[in-house]
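Only one chain comes next, encoded as structure tokens, the form predicted on its own.
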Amino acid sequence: MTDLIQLLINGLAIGSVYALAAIGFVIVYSATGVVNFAAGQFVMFGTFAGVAMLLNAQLPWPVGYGAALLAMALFGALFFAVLYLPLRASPVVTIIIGTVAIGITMQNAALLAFGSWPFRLPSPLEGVNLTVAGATISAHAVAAVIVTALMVALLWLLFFRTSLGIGMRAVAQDIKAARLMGLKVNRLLALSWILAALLAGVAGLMLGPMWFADTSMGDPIALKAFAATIIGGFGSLPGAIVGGLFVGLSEVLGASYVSSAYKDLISFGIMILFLLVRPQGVFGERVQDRG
């Protein structure tokens, strides 16, 4: 039983990272109709922003985390201005290919800046453990779950209790109608990219102490986030959360009770099963034509 509790907490912690990446995926897709294939590299950049601020610059925790997230927000704005804005009138497939190209560029830029050696981002809760029903649980893993829950609550408040969020939802539903209603569409689209980058930054900072961070970590994260959106329901925020947690739990439990060699096979096997049986995912969002 104690082992199961530990595995469940670890699965929820890694699933929280996937969920945040998947939410960023969904926000960008809902607002722009574009599947951001650089989403995994966004998370990788978040982790290495933490490495730059906390390990290289030796900033204290609150300042380092704040600086890393500010850098990610600026990066999201730059991504919108440099890639999406010039290409927004192009076919969606062109923008998608652009995200793939930028993702590869980001990976190689990180390789040039930080090298190929892996880093381990220390946690403010390093060495702190909790005991639950006899199971020893990392405080960082618990914090990752709590932080994700807080982020989801803040997103709910943003989207359903602020004019800014309501405007973003309007743009996601019908961009032409939103423009006719006088909404500043470009500003709201830019905010979608910034929000996705910030969520990726939080995911990267949480993931750094759990994984050895290297410049190739973005690809598996992007695939897991994509699997989470398929399982939960493409375009659905609740689906992204549930899908991310499901992928994290299946990965950890599968590695423990089946074999670590098959943990990815289990996650992606379930994703393929959903594509065959229920392509709209758990939350039943209709599969869109674009993206």
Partner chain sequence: MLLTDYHLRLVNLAVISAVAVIGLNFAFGYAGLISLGHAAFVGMGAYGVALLTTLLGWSSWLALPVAVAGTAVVAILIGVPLLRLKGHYLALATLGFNVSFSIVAANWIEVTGGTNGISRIPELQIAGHALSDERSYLWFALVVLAASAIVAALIHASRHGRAMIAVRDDETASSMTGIDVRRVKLAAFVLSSVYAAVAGGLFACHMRFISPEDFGYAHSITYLAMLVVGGEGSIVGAILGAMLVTFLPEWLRFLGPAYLAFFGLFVLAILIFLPSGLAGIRWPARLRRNGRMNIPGLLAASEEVRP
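These numbers were taken from a predicted model, which means no experiment stands behind them. Positions refer to the first chain, counted from 1.
The same protein also has a form predicted in complex with the partner chain, omitted here; what follows describes it.
Of the candidate stretches 188 to 196, 67 to 75, 88 to 96, 144 to 152, only 88 to 96 has residues whose heavy atoms lie within 4.5 Å of the partner chain in the predicted bound form. Candidate site formed by 17, 175 and 206: none of these residues places a non-hydrogen atom within 4.5 angstroms of the partner chain in the predicted bound form. Checked against the partner chain in the predicted bound form, the candidates 112, 157, 181, 132 yield a single residue with a heavy atom inside 4.5 Å, and that residue is 112. Among the residues 265, 258, 57, 63, the one placing a heavy atom within 4.5 Å of the partner chain in the predicted bound form is 265.
Though the partner is left out of this view, residue 13 does not reach within 4.5 Å of the partner chain in the predicted bound form, counting heavy atoms only. Residue contact with the partner chain in the predicted bound form: residue 31 places no heavy atom within 4.5 Å of it. Contact annotation for residue 83: at least one heavy atom lies within 4.5 Å of the partner chain in the predicted bound form.
In the predicted bound form, at least one heavy atom of residue 105 sits within 4.5 Å of a heavy atom of the partner chain. Contacts with the partner chain in the predicted bound form, taken as any heavy atom within 4.5 Å, map within 25 to 48 to 29, 35, 37.
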